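Next up: just one chain, as structure tokens, the form predicted on its own.
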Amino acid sequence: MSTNEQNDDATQQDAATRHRLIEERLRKLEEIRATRNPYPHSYTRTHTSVELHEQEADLVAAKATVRIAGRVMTKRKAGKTMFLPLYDGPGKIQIYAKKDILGDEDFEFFKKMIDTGDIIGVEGTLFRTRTDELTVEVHGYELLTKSLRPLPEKFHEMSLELKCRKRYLDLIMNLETRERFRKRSQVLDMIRRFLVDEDFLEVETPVLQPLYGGATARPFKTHHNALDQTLYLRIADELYLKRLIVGGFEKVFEFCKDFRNEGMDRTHNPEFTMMECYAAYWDYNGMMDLVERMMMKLVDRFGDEGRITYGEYELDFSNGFRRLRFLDGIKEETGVDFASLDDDQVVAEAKKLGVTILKGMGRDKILDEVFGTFVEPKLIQPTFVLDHPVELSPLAKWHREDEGLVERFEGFIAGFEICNSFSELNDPQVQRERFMAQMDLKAKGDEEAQVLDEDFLEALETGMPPTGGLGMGLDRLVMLFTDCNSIRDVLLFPAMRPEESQGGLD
């Protein structure tokens, strides 16, 4: 028998076993319904598992009766007693069921009808076992939810795909996963509090937009029936936040869901979370300072002495971010001074380096490919890459010293980008020229080129003060602080390829 045939046979056996276990649970459910409600409306708890551990001394001294609720994970039967861990949201606690305390009928029901995966409420008192484990002695219980599907036998048997596709199983089986997403919430909350303390105002802008803009990316398109209008899921909220700067809000930020119709890899998901902020009278230097202060706050909270560990790397934030100019970085890694070459020479040198050049790619897009191939993977320690070619940044202000460049920086850590910032372009005539150049690129086949937005140009013509802007990828930032190698690990419900519907219980 071939390996594939063996795998197919094992899969069929697993499916048959699962079907048998589900049928058995359905029979139990029917029997339970005859005497009690297997899905009551509520249950009053006095404590969580964590609170029982925290308040143990007082509760034991008072011989207090406690009420907890959670999911049964395993059952250990020993004649007239049972020990089992009960998992609730914050953690877990052991419970102890004894026939002499519960009585014959309730004990036998517990023993035969309660399965792993069931959710129960338990009333009892605390004690320590001979192995010194805090335990609730069960004086009474209530079935709160009958689980009809068996849980995976062991967490390590769950594939990464299964963990991402059925995140509820991952969360049930692995407390570390729950802690990772709690930490995600803590990181985002800390960023929000930091910005509010810096006097930024949190705002909300449209997700559905008549024109997409603020980034170079392909959008998702939809249709509004009542208006008979094509709309786009936003790829960024930059142009709307700048409208608010025009309107007189001098510091604004938004935590936003953005959508880009692009491929998926370890740092990309088509739906992702960004933080964008804008400050009037700042430039990209002010935004660099803001990022450094923000990162040090996070490292102080979640790291150790200005450092965090990410995979094989120890990332050191204690001395801030290194500054590296875009073209200097390319020259360092390739030995080619692209700044001195004309367009044809840029194409020739990029081909020598093995860079793939697609239809519609201009000089600066080619340089961006060279940068992404040779420089970006080596930016491990915190680094600001500065001063990009103008074509890559149509919304950024021209460099005050170097013609052909703009005042922009990207923040890189552990080999991937975490943020992007400009001295924002506020000259409406230059902005129109930049938009027109982008439209020319789009006509030549660049699907990610930006579109001309007349309403935004009208806002700029009204007058926008000098402004610094910043976009930060929050999912990637969470990857750093949870030591995760893939963006899928920090998204509760990442995008997945479709699977065949199983159509109910099987």
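Since the model is a prediction, treat every value here as computed from it, not as a measurement. Residue numbers run from 1 along the displayed sequence.
From this point on, the text means the form predicted together with the RNA, which you will not see here.
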- [ ] With the RNA left out here, work out from 293-301, 310-318, 126-134, 323-331 which stretch has heavy atoms within 4.5 Å of it in the predicted complex.
- [x] 126-134
Open item on the list: By the heavy atom within 4.5 Å rule, which residue out of His224, Lys98, Lys352, Lys378 makes contact with the RNA in the predicted complex?
Closed with: Lys98
Task: in the predicted complex, the residue from Lys80, Lys257, Arg193, Lys183 that sits within 4.5 Å of the RNA by heavy atoms - done: Lys80
Task: Asn174, Lys251 and Thr462 all contacting the RNA in the predicted complex, non-hydrogen atom within 4.5 Å - done: no
Open item on the list: I'd like to check something about Asp364: if you look in the predicted complex, is any of its heavy atoms closer than or equal to 4.5 Å to a heavy atom of the RNA?
Closed with: no
Open item on the list: With the partner left out here, check for me: in the predicted complex, does some heavy atom of Leu86 sit within 4.5 Å of the RNA?
Closed with: no
Open item on the list: Taking the RNA as it sits in the predicted complex, is Ser159 in contact with it (heavy atom to heavy atom, 4.5 Å or less)?
Closed with: yes
Open item on the list: Taking the RNA as it sits in the predicted complex, is Asp115 near enough to touch it, meaning that at least one heavy atom pair lies within 4.5 angstroms?
Closed with: yes
TODO: Let me know which residues along 245-281 have a heavy atom within 4.5 Å of the RNA in the predicted complex, or say none if there are none.
DONE: Arg260, Glu262, Gly263, Met264, Asp265, His268, Phe272, Met274
